[in-house]
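Consider the single chain below, provided in structure tokens and representing the form predicted alone.
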């Protein structure tokens, strides 16, 4: 992992690496989703994979495959705060690297690269960011179309950059920023660079329609269901005095209710509830058990949906 590059990227991270593998392992309950996203990403980034499959299955590269390979390698991850979309975006490169036996580099766009409102600043910074990552992968295609290395450009809180230009009150500088984003994404597609762009947002409806149209995948992340909560709690509370039935009961208690029509998020469970259970047991000089767990649950409310909505 390297430091900020010219103020454009918060850092870069090379995959595979042990830290990312540990973070991937912690994403309990998201295996099927990650598997599907990785399969789609590899298909879009490495044309030789799809061409080989088509020849094996159909005897030739059929037109439908050509149409697929013309799609923009752009994923949009949408959903409420704490549902895992940014974490998945940050570690998906680890799975891609392992799957393809390729080096993958993550470029998370720095918050400072969004500018401070000065005329032309955001557009200039976005243009520089795309120029930088494009230059890094300009020669990453082999003669057979396969990639010697893959890149991932991550733009978190993307609605701040890609807000719909249909909004009447939108500032002209913001419109120019959206145009710069679209030019950068389109330029990488035209140049067939092996770079996946991932936009994360809490407000899918706020993204510019042109951005949504370009996306090869729009994945809406939800709050964990009962089985996913059980899987996560089982992993986190392994070795404690809580039995499987205790964990099932805790998972039930973190579901939506009549009075609270939303359940706990992944972050609520992993970063708030379970750590507080551990601290409460430590303060009482006792073991982690169901009594302490439910005591803590009573004072640890889930995060409300983004924007204050209840559904």
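Residue numbers count along the first chain shown, from 1. Remember, predicted model here, so these are calculated numbers, not experimental data.
What comes next is about the form predicted together with a small molecule, which is not displayed.
- Each of 27, 82 and 85 places at least one heavy atom within 4.5 Å of the small molecule in the predicted bound form.
- Checked against the small molecule in the predicted bound form, the candidates 232, 188, 152, 207 yield a single residue with a heavy atom inside 4.5 Å, and that residue is 232.
- Residue 202 is the only one of 202, 212, 100, 110 with a heavy atom lying within 4.5 Å of the small molecule in the predicted bound form.
- Contact annotation: residue 271 falls within 4.5 Å of the small molecule in the predicted bound form, judged by heavy atom distances.
- Although the partner is absent from this view, residue 263 stays clear of the small molecule in the predicted bound form, with no non-hydrogen atom inside 4.5 angstroms.
- In the predicted bound form, the small molecule sits within 4.5 Å of a heavy atom of residue 267.
- Mapping the unseen interface onto this chain, residue 157 counts among the residues with a heavy atom inside 4.5 Å of the small molecule in the predicted bound form.
- Only one segment in the set 60-68, 281-289, 46-54, 27-35 has residues whose heavy atoms sit within 4.5 Å of the small molecule in the predicted bound form; it is 27-35.
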